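Form predicted on its own, single chain, as structure tokens, below.
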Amino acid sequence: MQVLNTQAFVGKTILITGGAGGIGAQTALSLAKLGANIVLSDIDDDAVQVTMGHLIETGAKALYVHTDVSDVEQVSALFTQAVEAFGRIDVVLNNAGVEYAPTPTHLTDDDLFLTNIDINLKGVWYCVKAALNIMLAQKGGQIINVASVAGLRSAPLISGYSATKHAVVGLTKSVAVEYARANIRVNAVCPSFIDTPMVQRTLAHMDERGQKSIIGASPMKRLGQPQEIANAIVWLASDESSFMNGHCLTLDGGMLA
């Protein structure tokens, strides 16, 4: 997937949650290089400043708003500030997420499960609603949700995380159909194990055998790279994917093939 029009994002505004690192940061940088205005949100103020520095180096206009996506008031403030700064929001990437160490379901702490619900599901729900209200008024836009292969298949030992990602897939498809005639497209990406801080935290909880099993789960026998996911998101965000709606794009090196 390649965006052939290098001017495709000039003047467009992209809002990205969970933008401090990993997929969010790499996508922000890729879009900034194509001329987009970038609005980042996260709760890691220190880490996001590194990303902001890279964005400014590209010459892009960029805004950071500290946001806990599980707090509807903070989400509302994020979208309000984005519109005040740039006038509109063309694309929203719901990337903020959280995980927990692989644990048998019957031993998983309920608070960990509820934290996953708060960020991975409620956070996406709040951002989708905020995006829809803005995009309906401006007569168009795109929403891209970061789900997971764990939202498409079983995920033993992380069943709570998997439950939230299945919910994101269902939300993506339902909203896509509901708002298609309003010129609002909604899609998702479903990565497998990508070399991000989140996956590195998961690997740190495993022994060598467990780590090898994670890396070997893909037929390509490696972790995906954030840039590989960012490339797909950039294409989805472009008009070159104009007939794709309600789709959950799998990026897993062949794991589900």
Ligand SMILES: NC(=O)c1ccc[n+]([C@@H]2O[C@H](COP(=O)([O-])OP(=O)(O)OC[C@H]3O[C@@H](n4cnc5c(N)ncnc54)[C@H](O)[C@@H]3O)[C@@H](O)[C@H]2O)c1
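The numbering used is simple: start at 1 and walk along the sequence shown. Just so it is clear, the structure is predicted and the values come from calculations on it, not from any experiment.
Quick note: we don't show the form predicted in complex with the named molecule, though the next part is all about it.
Of the stretches 92-100, 171-179, 106-114, 129-137, only 92-100 has residues with a heavy atom within 4.5 Å of the named molecule in the predicted complex. Interface membership of residue 21, defined by any non-hydrogen atom within 4.5 Å of the named molecule in the predicted complex, is confirmed. None of the heavy atoms of residue 27 is located within 4.5 Å of the named molecule in the predicted complex. In the predicted complex, at least one heavy atom of residue 192 sits within 4.5 Å of a heavy atom of the named molecule.
The named molecule is not shown here, and in the predicted complex it never comes within 4.5 Å of any heavy atom of residue 218. Shown here without its partner, the chain carries 119, 161 and 201, all of which come within 4.5 Å of the named molecule in the predicted complex through at least one heavy atom.
Checked against the named molecule in the predicted complex, the residues 50, 43, 56, 206 give one hit for a heavy atom within 4.5 Å, which is 43. Although the named molecule is not shown here, in the predicted complex the stretch 135-168 places heavy atoms of 146, 147, 148, 161, 165 within 4.5 Å of it, in sequence order.
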